[in-house]
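Shown next as structure tokens: one chain only, the form predicted alone.
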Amino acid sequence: MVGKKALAGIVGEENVVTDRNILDAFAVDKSYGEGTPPAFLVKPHSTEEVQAVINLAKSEGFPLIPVSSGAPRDHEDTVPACADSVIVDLSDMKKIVRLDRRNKVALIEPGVTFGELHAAAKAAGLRVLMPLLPRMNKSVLASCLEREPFTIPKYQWDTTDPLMCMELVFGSGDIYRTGSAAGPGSLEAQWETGAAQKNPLGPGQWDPLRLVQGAQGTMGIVTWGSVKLELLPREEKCFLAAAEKMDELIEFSYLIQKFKLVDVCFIMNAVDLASLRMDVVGKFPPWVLVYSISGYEYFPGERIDYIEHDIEEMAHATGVLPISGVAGVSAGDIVGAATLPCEGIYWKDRLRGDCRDIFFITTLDRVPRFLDAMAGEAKAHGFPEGSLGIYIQPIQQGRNCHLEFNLMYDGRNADEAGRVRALYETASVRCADMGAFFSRPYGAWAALAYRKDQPTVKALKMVKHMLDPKGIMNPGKLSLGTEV
């Protein structure tokens, strides 16, 4: 077990936290995982300090758990699975190293939150590609590394978007730069030639970015990354399409995304919309598709007009009626609320106080069968329909979608919390059996994701051994069984 003195020699005594209240809080989170309180929490401020902490962990044999977002945490990925762990808190690494409007890219450290990047980008006439109402203290890089879906699917050409290049320290202690950031030359030398660290592929013929994304901190620690931004619209027009059944919106959703006509685009049921807009007194329709049309620097009004006309034709052909508002709230208000960092109480907790999520990737045409399955599971567990939120986020330009069930409940009621946990477990298994793809296999989902694909488990263990030979990086989170 490492002592405080060795860690303080790297990051400074003031950046080694020993407060038991702070450390004990990491042993649990809002998920159902329970672990062991860490021995220390350290706050590095540079790549060199991160590397030195990793090298010390290698030599002394203690686990490291990287963290960059503020509390609360709810995916079990930062709960230590082993004793004598050290939390590596990157939240003080908050530099926005470069904000490049011409190339629409920002190079940031892991402590930069959505609230901070949104403010800086807006001042430069840019907008951040962000998930639906992320917490103000949510790390942008953490969100990108976890492949959280964002609300403008037409800009997601690949699963790695909007993350471009990054610098990281593998569990081996080696510093590595990916994509065009790998060189030649320093970052400053690349900037002088007009380079913008925007090509994520490489170096060479491999793509290490894909080994780190979704790995829950088991391969190494990212010290900075470049993320793709987009221009702020000069004009924007927002619409809703309401329906009694979700499948009435499928064909229309596919069409407007196929031709990349809309920017913001997602579907919610009435429960999630009510939680999103608690200030609305009126009743929302059972299902609402939300979308926006943007006009940029040149002829913004004309662009919006012709796209709106094209969408009207598609709506007519598919039996959908675009409207500008519902239940006393405008489409613009909903888009505005959904595309900013969430202040105050997190939006999913507003309705009942607590929320557990089940989410996975599927295709939009298969969503109705998952909705039927979830309705059956909820009924079997006595879970009220009025507390089941559903959020459908098209991704990769609509080729597939993120389907999320939000189980809202009162965590102070032990009976209600127990029923939610039982529903969470049985519904997760049922969805997996139906073909749900748990691309972010947190906690118990790892067994569902890996149980039928042992060759992938074997390959992941080999990669883990190469990049983290001592097994110090967040052990127990990658897959099943012994990782190294």
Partner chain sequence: MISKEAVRELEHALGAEFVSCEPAVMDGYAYQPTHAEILGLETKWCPYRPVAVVLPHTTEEVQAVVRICNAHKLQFKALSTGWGIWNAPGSDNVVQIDLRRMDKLTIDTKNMIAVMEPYVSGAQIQAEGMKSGLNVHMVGCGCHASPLASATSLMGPGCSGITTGYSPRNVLGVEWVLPDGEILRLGVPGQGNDEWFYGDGPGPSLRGIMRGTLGACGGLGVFTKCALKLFPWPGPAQPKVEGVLMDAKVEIPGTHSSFLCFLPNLSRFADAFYKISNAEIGYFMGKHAITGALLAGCMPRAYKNLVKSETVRSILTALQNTFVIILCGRTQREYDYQHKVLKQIIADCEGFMLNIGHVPLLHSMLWWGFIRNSLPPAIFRAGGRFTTAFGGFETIDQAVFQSKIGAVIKQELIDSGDMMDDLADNSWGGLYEGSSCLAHQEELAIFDPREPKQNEGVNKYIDKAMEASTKYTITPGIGFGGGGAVPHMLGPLIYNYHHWLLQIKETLDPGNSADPSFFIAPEAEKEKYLRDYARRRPQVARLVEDILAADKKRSDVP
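Positions refer to the first chain, counted from 1. Quick caveat, the model's predicted, so the values are computed rather than measured.
Keep in mind that the form predicted in complex with the partner chain is missing from the display, and what follows is about it.
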item: The single option of 122, 283, 399, 379 touching the partner chain in the predicted bound form, heavy atom within 4.5 Å; value: 399
item: Contact assignment for the partner chain in the predicted bound form, among 200, 220, 110, 80, heavy atom within 4.5 Å; value: 200
item: Check all three, 154, 309 and 463, heavy atom within 4.5 Å of the partner chain in the predicted bound form; value: yes
item: Residue contact check: residue 459 to the partner chain in the predicted bound form, 4.5 Å heavy atom; value: yes
item: Distance check, residue 204 to the partner chain in the predicted bound form, heavy atom within 4.5 Å; value: yes
item: Non-hydrogen atom contact residue 177 with the partner chain in the predicted bound form at 4.5 angstroms; value: yes
item: Close approach of residue 11 to the partner chain in the predicted bound form, 4.5 Å, heavy atom; value: no
item: Options 130-138, 381-389, 405-413, 177-185; stretch whose heavy atom lies within 4.5 Å of the partner chain in the predicted bound form; value: 177-185
item: Partner contacts for 122-151, taking the partner chain in the predicted bound form and a 4.5 Å heavy atom cut-off; value: 147
